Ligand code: S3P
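Okay, here we've got a single chain as structure tokens, the form predicted alone, with questions on binding and movement later.
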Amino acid sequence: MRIQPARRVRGRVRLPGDKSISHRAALLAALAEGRTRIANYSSSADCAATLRCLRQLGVKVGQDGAMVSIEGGGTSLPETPVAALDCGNSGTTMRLLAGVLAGQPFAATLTGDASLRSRPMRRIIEPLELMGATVRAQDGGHAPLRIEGQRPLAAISYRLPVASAQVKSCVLIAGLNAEGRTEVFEKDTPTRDHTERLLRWFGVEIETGERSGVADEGRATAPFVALAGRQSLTARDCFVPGDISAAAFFIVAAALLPDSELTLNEVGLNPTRTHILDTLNLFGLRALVANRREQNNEAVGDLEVRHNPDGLRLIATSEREYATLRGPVIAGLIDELPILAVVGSQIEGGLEIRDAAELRVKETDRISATVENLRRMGVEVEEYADGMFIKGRTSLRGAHIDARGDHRIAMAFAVAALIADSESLIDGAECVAVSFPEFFPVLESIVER
């Protein structure tokens, strides 16, 4: 994909449905009694993989564009799959579906592409085996995963070893088929809570809060989520708001290009997902939320973004001359760190990102990929094991970008290319289909040159 520099972005964008919510809505609808219609289901290849796996498990799934209908029959799935369930590139599909399969009275295999088979799965294997399932993995705890379910499972009280909404969700979904009360304690701060919100939407009683005596050293309390097993889910129609992780690329484009004005309609504003807005606000982002409302327990609104003529800069009180992202906030920004690294190249003093080693086990090593491609565009970057330091106020040059098969790297550097001095070429740009197949046409529709 060739990207030419732009003067500004202007217009109105309606984003595809949030990936995280789409996965969860489909899986929980399959476990509910009755027919659920899901509007604005994500167009991503990842979310299509979830529907494909459900069909292999005998669930009736209909689809007409972004409208998906699912006939659920309760927490017992109708069929033993005759072939391995192919999760494609989707870690969310594999980790959450593992929680579903752990409580089924049959065995099934989860597999995926080479990238997914290299990603860590021991983090879900441990709690599922504690609950009574048998999970066989490849060396190092990688897929394919052979899951021999147990019904009922045993309820557990589990502390997350890493901040991961996927692991939390896996355990909670398995807990639906457990005897007793399943508890999950978060590592630092609460991770994204779409699963909890959707479980409540489908009629499951969930308890959330803080508890003392179980926190990591230095903390008085730890966030927890708990549910009683053997509860039934009732089908209810859902609307999936626009994906704020996808919105981040357009928000940054409007923030970086002078005289830009952009409205993003019906974006999800879940407070566990809006750290990107909080962070950009520290750099002087001009964004307003209009028409704020709630749909199936999720906050939704229209984002109106305007370019700040003073440019982006660190405006928060700080002893440092550069911006720093580290600590618990990283878990809430993990998907947006590549595009924030691009922002870092444009703010006074630059940006330091630490405590983000999780980026190395995403679809690619996102630390290495981000550092390499920023350097190709003329940015001075220091690479750390858990992050990077990006020198700010750099005039980007057009470059040959290697997306490394990672959708977020491709989209982040497409935005960087808009502010470069000449054409950029993104190798492997087709990987955006994993999360946002329409990304490049939507981007071109708002770009003015």
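In this text, residue numbers run from 1 along the sequence as written. Being a predicted model, the structure only gives us computed values, none of them experimental.
There is also a form predicted in complex with the named molecule; it is not shown, and the following applies to it.
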The named molecule isn't shown here, but in the model of the complex which of 345, 260, 92, 89 has a heavy atom within 4.5 Å of it? 92
From the list 117, 187, 146, 123, which entry has a heavy atom within 4.5 Å of the named molecule in the model of the complex? 123
Counting only heavy atoms and a 4.5 Å cutoff, which of 198-206, 304-312, 329-337, 285-293 contacts the named molecule in the model of the complex? 329-337
4.5 Å heavy atom contact, residue 371 and the named molecule in the model of the complex: no
Look up in the model of the complex whether residue 165 has a non-hydrogen atom within 4.5 angstroms of the named molecule, and give yes or no. yes
Would residue 275 sit within 4.5 Å of the named molecule in the model of the complex, counting heavy atoms only? no
Should residue 142 be classed as touching the named molecule in the model of the complex when contacts are defined as heavy atoms within 4.5 Å? no
Suppose contact means a heavy atom within 4.5 Å; in the model of the complex, does that hold for all of 20, 24 and 362 with the named molecule? yes
